[in-house]
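The chain below stands alone and is given in C-alpha cells; this is the form predicted on its own.
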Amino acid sequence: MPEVSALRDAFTARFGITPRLIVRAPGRVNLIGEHTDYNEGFVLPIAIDRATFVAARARPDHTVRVYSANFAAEDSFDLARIERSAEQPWSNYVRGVVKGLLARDLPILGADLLIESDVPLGGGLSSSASLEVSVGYALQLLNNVDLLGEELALLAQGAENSFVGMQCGIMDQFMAALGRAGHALLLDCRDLSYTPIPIPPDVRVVVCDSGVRHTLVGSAYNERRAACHEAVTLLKARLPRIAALRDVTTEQLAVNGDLLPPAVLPRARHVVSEIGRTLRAAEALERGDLRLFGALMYESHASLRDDYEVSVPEIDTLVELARGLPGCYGSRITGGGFGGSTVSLVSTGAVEAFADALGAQYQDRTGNQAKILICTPSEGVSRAATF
C-alpha cells in the first residue's frame, strides 16, 4: 500500500507544490453474484484492503493535469474540451469522471492529480471503479461539492458506460464508494438498497490473480450484456411484465426457453440461477453456514464456465486446485471473466498453507505465477490525508 508521505513527496516533485489532500478508494471482490448487476439482480461483494490513491490540489484555471505512477505517464486536458484519448487510454477514466461532474452543472475548477494504485490491473478486482471513485471524491472535496455515496457511484458508473465504453453494472463503483469494514454487502442493483452481512472471523477471503489478463472494453463482456437484453425482449412475448432477467424465475425460464436462440438461452439461465444462488448464499453467510456458502460458490463457477462462458482454463485450474486443499469452503471465478482472478473462502487457521499450496500447484500445472491476496473487508472511499 502506498505511503501517504511518499505520495505527498511524489506529488511535490512532479508538480512543484504540495498536494491539498490524498484520498483512497478500494477495489472489490465479489463473493457471489456474477453478471447479475446489469440485470438488476443481487450481488454479494466486499471492498478489499487494496486501493487507488489520489493526491490532489486545485488549480486556479480550467486545466486538469494527471500523472499515473503505475503507468509512468502524464496527461492534461482542458475542462472546456474533454474528449477520449487514444494515446493515454488510462486517462479516459479520469476524463469521463470530470466530464460527468461538469454535466451535472457542478462548479469544477482544474486540478493537479497524482494517482497510484495497488489494486491489480485487469485482475477482476475493479481497478477501474477504484480509480473513478477516488478521482471523483478528490474533485468533490477540492471543489466543496456535496455528493452522496450513491450519487458518486452512479457518476463513476456513467463515466465508464458512456465515456470509456464498458457497459458495467453498478456493483464495482458502489463498493468503492460504500464498502463497509468487516462486512459483505448484499446489494439490490435495482434500487441500490443493501444489507451489510458480517464476515465470520474464522474465515478469510483469498483472491488469486491468475496472471491471465483480459480487456473488457469492446470485448465479449458487452456481447454478454446484449444477450441478456435480447433474452428479456424475447421473453416479454409471454411475460409482458418483466423489465429485466431479475424478474424471471427458474420455472418461467424453463417453460419459455423455447423463445430464446440457442446462444442466448444459456446466458439467461446463468443470470436467473445466479440471482437465486446469491440470495441463498447471503442467507447462509448470515447464519454461518459456510459449507452451503462454499457449495454455492462452486455452483456459481460451473454456471459461469458452462452457461455464461466467461472462464478460461487457467481459472478453472485454480478452482479445481482450491477445491482439493484443506480449509477451503468454496472457490469461483470473480469479476467480468476472460481471465483475472478467483475468490476462495478459507478457514483462518488454514489460510497461509492454502495460499502457499495453491500458488505452488498452479505454477506446477500451468507454468504461470499467481499473485495471491489474503483480503480484509474494507471501508469505501475516504480521505487519507490533508495538508
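Every value quoted in this text rests on a predicted model; they were computed, and no experiment measured them. All residue numbers refer to positions in the sequence shown, first residue = 1.
There is also a form predicted in complex with a small molecule; it is not shown, and the following applies to it.
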Exercise. Select from the listed residues P45, G41, G335, G330 the one whose heavy atoms reach within 4.5 Å of the small molecule in the predicted bound form.
Key: G335
Quiz prompt | Of F163, F77, Y221, Y194, the one that lies within 4.5 Å of the small molecule in the predicted bound form (heavy atoms) | solution = Y221
Practice problem: Determine whether any heavy atom of L155 comes within 4.5 Å of a heavy atom of the small molecule in the predicted bound form, and answer yes or no. | Solution: no
Quiz prompt | the small molecule contact at R50 in the predicted bound form, heavy atom, 4.5 Å | solution = no
Quiz item: Would G149 count as a contact of the small molecule in the predicted bound form, using a 4.5 angstroms cut-off between non-hydrogen atoms?
Solution: no
Quiz prompt | the small molecule contact in the predicted bound form: G33, any heavy atom under 4.5 Å | solution = yes
Quiz item: Which of these stretches, 167 to 175, 141 to 149, 292 to 300, 202 to 210, has heavy atoms within 4.5 Å of the small molecule in the predicted bound form?
Solution: 167 to 175
